[in-house]
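Here you get one chain, nothing else, as structure tokens; it is the form predicted alone.
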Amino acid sequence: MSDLDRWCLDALSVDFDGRFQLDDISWTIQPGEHWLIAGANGSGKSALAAVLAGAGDRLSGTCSGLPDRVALVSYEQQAELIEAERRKDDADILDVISEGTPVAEIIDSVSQDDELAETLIDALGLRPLLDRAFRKLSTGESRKVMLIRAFTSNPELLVLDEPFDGLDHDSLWWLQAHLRDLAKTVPMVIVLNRFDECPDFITDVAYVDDGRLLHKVKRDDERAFAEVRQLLHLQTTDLELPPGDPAAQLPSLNDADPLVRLTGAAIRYTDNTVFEDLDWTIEANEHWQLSGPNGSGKTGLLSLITGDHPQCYVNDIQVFGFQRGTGESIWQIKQYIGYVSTALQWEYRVSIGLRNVIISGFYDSIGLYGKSTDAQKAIADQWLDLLGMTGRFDEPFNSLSFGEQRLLLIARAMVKHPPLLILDEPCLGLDDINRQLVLALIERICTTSNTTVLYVNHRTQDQIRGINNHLALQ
């Protein structure tokens, strides 16, 4: 790849048999770059890799400069080759069952370097299998054959989709070393589900979600690289939300009561009616998105629920089984609510460690002023694990990025597993990667907990899977 060469996808949209679509992909691979394509399952990683090898039906946009010799190794290509072998049997008019194409012939059909092929065959332990039919190999064995075909085809670009899957320990070690050596002369694009397998020669990361290329990050940008790693951790980890503290259980609620019921609610001032005649019921495990323009009353509506608005006592409001204005205290209400907002983040300026920030959620305090229990420390550490912050329990809160602080405050709000979690513009002030981090955590809460989420936002694109109810103020 000369200094004059670069490979460009410009506003490219590609369809894959009506099953999946890549949209508006703009991406440039410069000389000397090796890329990792990352993203959650189903995000479009493999589709993007396959486009470099000419797959898919182009709907719009352009590709320029892509080389003629692109070697692709993927499960889809592997399956296509096996299916082609099966079709040979179907086409046999003499009803003679074919033994299938032997491994040696499968390799020879594309190899441009017989000496290298022989070396790789021995290195990957395929010598005893050369006469065996390709379709009769195990998944790991057939993956080795696909790798040898790619390496010996004299590629100008090597595209490897999950190259380490299915390989035994010795083969995996050999492949990692071989790729490191090959990277000195051949550009590579590698797709991985496990971010911790990222080879050290990778220079750039492309993060894909829902068929779109959302982030392009340089490997040496330590902050951005760490944020992408954390985002993938939140999206792909199998960890469930940590449990609550058994010693600090909230008083139980009546299952027959809604969490919140407003009847004919209104906020009025002398010269302005913010909203009126609002009926709204929030049932347990019924997630809501609240939206509306500035001045529509979103924050005022939230404060009616939390009891912070003076007009909550002149409205017909039932919260957690309490009818407002019948002698309940504000703390009886707030014990059932977790709350996160930009204003809270501005107020949370105490310089304490990350573990203690989370533990402070048990006490609804800004800072921690009492001694925490061993159980609370263990729960907080589990939250740090979930957030991709393992081992950072003593790191000062005020040293974190704005987005990381927001994640910690959501964990703080969730640590007691409140029946209702109110997130007031949780993505406000965040860059794209940190916004994705926060949305991923909220989605995890919606899908793996019994907490009902009330999510307030302005941006229509900040949708969260699991939130199916919407109240729009005018």
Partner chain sequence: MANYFNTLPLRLQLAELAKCRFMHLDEFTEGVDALKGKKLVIIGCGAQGLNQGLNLRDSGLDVSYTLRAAAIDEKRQSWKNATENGFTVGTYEELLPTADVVLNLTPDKQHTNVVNTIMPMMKHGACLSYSHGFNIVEEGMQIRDDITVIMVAPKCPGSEVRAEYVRGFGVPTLIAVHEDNDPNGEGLALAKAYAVGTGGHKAGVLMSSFVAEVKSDLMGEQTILCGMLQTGSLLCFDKMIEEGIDAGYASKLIQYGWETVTEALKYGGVTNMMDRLSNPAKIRAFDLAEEMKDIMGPLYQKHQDDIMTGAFSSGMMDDWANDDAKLLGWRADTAETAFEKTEAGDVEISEQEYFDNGILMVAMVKAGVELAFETMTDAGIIADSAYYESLHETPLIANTIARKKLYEMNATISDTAEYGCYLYNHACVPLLGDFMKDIKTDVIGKGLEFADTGVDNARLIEVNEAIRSHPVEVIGAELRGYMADMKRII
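The shown structure was predicted, so the numbers you read here are calculated from the model rather than taken from an experiment. The term rigid core refers to the most C-alpha atoms you can superpose between the two forms while keeping them within 1.5 Å. Residue numbers count along the first chain shown, from 1.
Here the subject shifts to the form predicted together with its partner chain, a form of this protein not shown in this document.
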Exactly one of V110, A375, I82, I366 comes within 4.5 Å of its partner chain in the model of the complex through a heavy atom, and that residue is I366
Exactly one of P310, G264, P246, P128 comes within 4.5 Å of its partner chain in the model of the complex through a heavy atom, and that residue is P310
message = Taking its partner chain as it sits in the model of the complex, is E347 near enough to touch it, meaning that at least one heavy atom pair lies within 4.5 angstroms?
response = yes
Review point. Is there a heavy atom of S351 no more than 4.5 Å from a heavy atom of its partner chain in the model of the complex?
Key: yes
In the model of the complex, does S329 have a heavy atom within 4.5 Å of its partner chain?
yes
Exercise for the section: State yes or no: in the model of the complex, is some non-hydrogen atom of R87 no more than 4.5 angstroms from a non-hydrogen atom of its partner chain? Expected result: no
With a 4.5 Å heavy atom cut-off to its partner chain in the model of the complex, the contacting stretch among 248-256, 149-157, 311-319, 110-118 is 311-319
Looking in the model of the complex, the residues of 261-288 with a heavy atom no more than 4.5 Å from its partner chain, listed in order, are Y269, T270
query = On a core-based superposition, does E328 travel 2 Å or more at its Cα between the shown form and the other one?
reply = yes
Checklist entry - Just checking, between the shown form and the other one and with the core aligned, does S74 shift 2 Å or more at the CA? => result no
inquiry  = After core superposition, I'd like to know whether T185 moves between the shown form and the other one (criterion: C-alpha shift of 2 angstroms or more).
reply    = no
